[in-house]
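Single chain ahead, written as structure tokens, the form predicted on its own.
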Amino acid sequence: MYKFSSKLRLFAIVCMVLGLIGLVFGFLSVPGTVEEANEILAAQEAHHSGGEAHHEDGAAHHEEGAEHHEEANFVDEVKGEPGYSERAMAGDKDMGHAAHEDGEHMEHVLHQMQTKPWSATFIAAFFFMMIALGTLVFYAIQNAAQAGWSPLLFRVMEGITAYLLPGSVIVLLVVIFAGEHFYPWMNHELVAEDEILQGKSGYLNFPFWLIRGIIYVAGWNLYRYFAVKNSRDLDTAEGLQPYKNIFKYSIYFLAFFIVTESTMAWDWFMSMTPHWYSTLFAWYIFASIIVSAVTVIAIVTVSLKAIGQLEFVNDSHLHDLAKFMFGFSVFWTYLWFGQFMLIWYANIPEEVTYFILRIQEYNPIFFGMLILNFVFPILILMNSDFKRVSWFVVIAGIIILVGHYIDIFLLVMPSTVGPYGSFGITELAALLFFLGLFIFTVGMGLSKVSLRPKNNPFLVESEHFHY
């Protein structure tokens, strides 16, 4: 039976504490006024153009006196011309209008900067939650398909899904309290001036949106509760009734998940840019969820085997997990390219805006994640023998997880903070906090019961599985 080590427990707690401190710092350090936002923008601009500005500073200072002298002469001449007063008044109006527009722009910039810690928290929270959710889906698929190779891994999957309850509740709370920081359609004044948002208000309204979110979280966790309960009961049962219950619940859950995953993707991600839509979007989110989940199942399995646990799991089981990592990486790439290529080729203004911002402001990581999520998995896991080598699978897994964190980052940051997204203290702190919570919860889940299931009708086939 697995024992959650005190060192790993301490590591998880330290990560949570450090992460929490960093998150508090991130929320407290956001600008509170337009003036503070202006100062931050000026500092960033000075930092980026410091070298060039220093080089040109001498020449500008040298010309300043002559320009000032010419400007004074020009003003004296113009003041004497007919119609000067009228032109001056018109100019004052134009300047006032420009100042008003600039003020509105800076208010928007301030709003985006204040949204950044919310975005960082949501990205990390959803990233770890989707691992638990994807593992639950993979677990349900194995039960519904009556797969013979995987029952020996069921306890690992059940342990990982222990994070689903706290993880999903936190994600729901984050999107609720973020409110208008994430979702423009929650701003009633904006909706009143926008015909498109008015047309979508039957679906995108807060009460209905909140009810849907509660249904998602409740439904996912109810299946997890009853599936794990019957799995434990199966260990001591004389018949197969608990197994039959799991089979039945898994089919119902998968039907429920197909619908709720789609609407969850629309509600929590796509509605951040409510004028934009993609019919592939829900599938795209699902691909990230499932490949990240299978990757973590493989990494946890290898880690447990490394400390003498799961001695009954062989390299053929690892080979199958690596095949799913490989296959779902290709599936994700297919969806990424299908969505990008069709929108780019059609070049419809209301569709391409989604990609224009990401390509212009986040270009290195937008295209770089293709290398992490497709090229590296292909190169590392193409060879069948490499899929049986633990450290090869772990390396591929770490690369895949980094790539899909970036994927979630790009789903959220450009939509919520525009060009002001970056990876800093707040993002690192959010990762640390939720990594610590994930390790702690999964470690506790794995230590509650024997890692070797009993009485599953496909257990013997799993024990003798060789590929």
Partner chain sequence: MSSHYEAPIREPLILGEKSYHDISVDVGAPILGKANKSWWIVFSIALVAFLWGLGCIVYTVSTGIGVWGLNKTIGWAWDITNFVWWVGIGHAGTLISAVLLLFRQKWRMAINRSAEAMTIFAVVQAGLFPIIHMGRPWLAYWVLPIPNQFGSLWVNFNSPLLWDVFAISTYLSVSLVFWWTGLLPDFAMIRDRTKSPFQQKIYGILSFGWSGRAKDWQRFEEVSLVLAGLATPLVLSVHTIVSFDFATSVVPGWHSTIFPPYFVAGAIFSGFAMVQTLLLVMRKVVSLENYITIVHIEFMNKVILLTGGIVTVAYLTEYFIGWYSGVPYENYTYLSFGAATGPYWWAFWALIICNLIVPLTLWVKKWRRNILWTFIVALVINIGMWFERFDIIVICLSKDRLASSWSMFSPTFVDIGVFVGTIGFFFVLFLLYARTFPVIAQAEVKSILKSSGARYKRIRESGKD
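Please read these numbers as outputs of a predicted model, since none were measured by experiment. Numbering follows the first chain given and starts at 1.
This protein has a second form, the form predicted together with the partner chain, left out of what is shown; the following refers to that one.
A.B. asks: Check for me whether the partner chain, as it appears in the predicted complex, comes within 4.5 angstroms of all of L10, R155 and I398 - heavy atoms only.
C.D. replies: No, none of the three is in contact.
A.B. asks: With a 4.5 Å heavy atom cut-off, would you call Y243 a contact of the partner chain in the predicted complex?
C.D. replies: Yes, Y243 sits close enough to the partner chain in the predicted complex that at least one of its heavy atoms falls within 4.5 Å.
A.B. asks: Report yes if any heavy atom of Q146 sits within 4.5 Å of a heavy atom of the partner chain in the predicted complex; otherwise report no.
C.D. replies: Flag for Q146 set to yes.
A.B. asks: Quick one: is S278 in contact with the partner chain in the predicted complex, heavy atoms, 4.5 Å cut-off?
C.D. replies: Contact with the partner chain, yes.
A.B. asks: Determine whether any heavy atom of S271 comes within 4.5 Å of a heavy atom of the partner chain in the predicted complex, and answer yes or no.
C.D. replies: Contact check for S271: yes, within 4.5 Å of the partner chain in the predicted complex.
A.B. asks: Could you work out which of E180, D235, E350, E311 is the residue within 4.5 angstroms of the partner chain in the predicted complex, going by heavy atoms?
C.D. replies: Answer to the contact question: E350.
A.B. asks: Could you spot which one of Y203, Y225, F367, W391 gets a heavy atom to within 4.5 Å of the partner chain in the predicted complex?
C.D. replies: By the 4.5 Å criterion, the partner-contacting residue is Y203.
A.B. asks: Within 4.5 Å of the partner chain in the predicted complex, counting heavy atoms only, one of 285-293, 158-166, 216-224, 263-271 shows up; tell me which.
C.D. replies: Going by heavy atoms within 4.5 Å, the stretch is 263-271.
A.B. asks: Going through 442-465 from first to last, which residues have a non-hydrogen atom within 4.5 Å of the partner chain in the predicted complex?
C.D. replies: P457, F458, V460, E461, H464, F465, in sequence order.
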